[in-house]
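Okay, so here's just one chain, in structure tokens, the form predicted on its own.
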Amino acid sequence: MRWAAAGAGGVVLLCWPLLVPPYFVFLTSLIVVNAIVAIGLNLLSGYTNQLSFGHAGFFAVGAYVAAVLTLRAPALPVVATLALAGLATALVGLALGIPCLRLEGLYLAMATLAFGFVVVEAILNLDWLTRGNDGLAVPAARLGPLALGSDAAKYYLVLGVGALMVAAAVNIARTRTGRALLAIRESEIAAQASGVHLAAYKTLAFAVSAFYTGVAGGLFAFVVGFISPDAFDVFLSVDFVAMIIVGGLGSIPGSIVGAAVITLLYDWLAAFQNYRPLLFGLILIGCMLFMPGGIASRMAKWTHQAQ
């Protein structure tokens, strides 16, 4: 039954651009992009309890690296561009993760929040490269001789990369590394007593999480076609945190569901932008009070009861 449902879902995803108007194709692409960020953030916060409010900064780094590479090296294939954007962001995550090893809880959250502001300021001051407040027009991604300029082409690019990132995350969760990260989440003292090198795995989690977010940032740049610093404000980081809390900490399917819920809410509440922080704050409070394990935990309970 599960395989049949998965197959039907796959067919719908592949045929999606043929079934719905272009705007819904664009919106679905954004959901997949946000899901990649949520998975990366969940590998950090959900698996090692390192709360980050700076992932909008990583997202911006990936977006601008991909945009600049596409402008300066237009012949570079989109796969290489996204890989380089992810690697560059992973290096930034590594540079941030090492000094943050001694920080926990609120102090870590504040440090990552400050990092997000630093990235925006860097974009504004490097206007010879990023065009500052004027923003940067992103050319269409290229795959060999093909220019991926249509919404459908961008959708299939995002869908393909998203599928690879989900598969990689599932494999990470099943490996020794994933088990070590989960052990750190449960108890750092017990994990260290079991031979887990806390500093190494925490730093690795930062780098992997940044890589995921950098790739998603590159995809975002190609999907929207124009990026500017105001697209990567602190509220975007709050949205990412909301995705993993609503979907479920430590759950890859929960990350995808949370990304879909928050992205759709953001779209539906577009007419109430001034009230966005209030509405999302109420959603987070309600989720933590009445559904602390997120949607993934509640769905698992329903599935278990049905059996």
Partner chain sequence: MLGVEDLSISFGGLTALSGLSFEVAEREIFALIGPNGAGKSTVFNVVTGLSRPSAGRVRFRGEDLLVLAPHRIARRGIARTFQNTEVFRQLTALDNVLIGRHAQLRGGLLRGALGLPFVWREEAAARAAARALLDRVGLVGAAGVEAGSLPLGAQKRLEIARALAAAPRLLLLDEPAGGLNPTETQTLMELIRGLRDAEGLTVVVVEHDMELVMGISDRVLVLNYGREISSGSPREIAADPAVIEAYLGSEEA
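Numbering follows the first chain given and starts at 1. No experiment lies behind these values; they were computed from the predicted model shown.
Heads up, the form predicted in complex with the partner chain isn't pictured, but that's what we're talking about next.
Judged by heavy atoms within 4.5 Å of the partner chain in the predicted complex, the contact stretch among the candidates 202-210, 75-83, 141-149, 88-96 is 202-210.
Taking a 4.5 Å heavy atom cutoff to the partner chain in the predicted complex, the contact residue among 223, 157, 180, 234 is 180. The partner chain is not shown here, but in the predicted complex it comes within 4.5 Å of a heavy atom of residue 168.
At the 4.5 Å threshold, heavy atoms of residue 163 stay clear of the partner chain in the predicted complex, well away from it. When contacts are judged by a 4.5 Å heavy atom cut-off, residue 131 does not count as touching the partner chain in the predicted complex.
Residue 191 belongs to the set of residues with a heavy atom inside 4.5 Å of the partner chain in the predicted complex.
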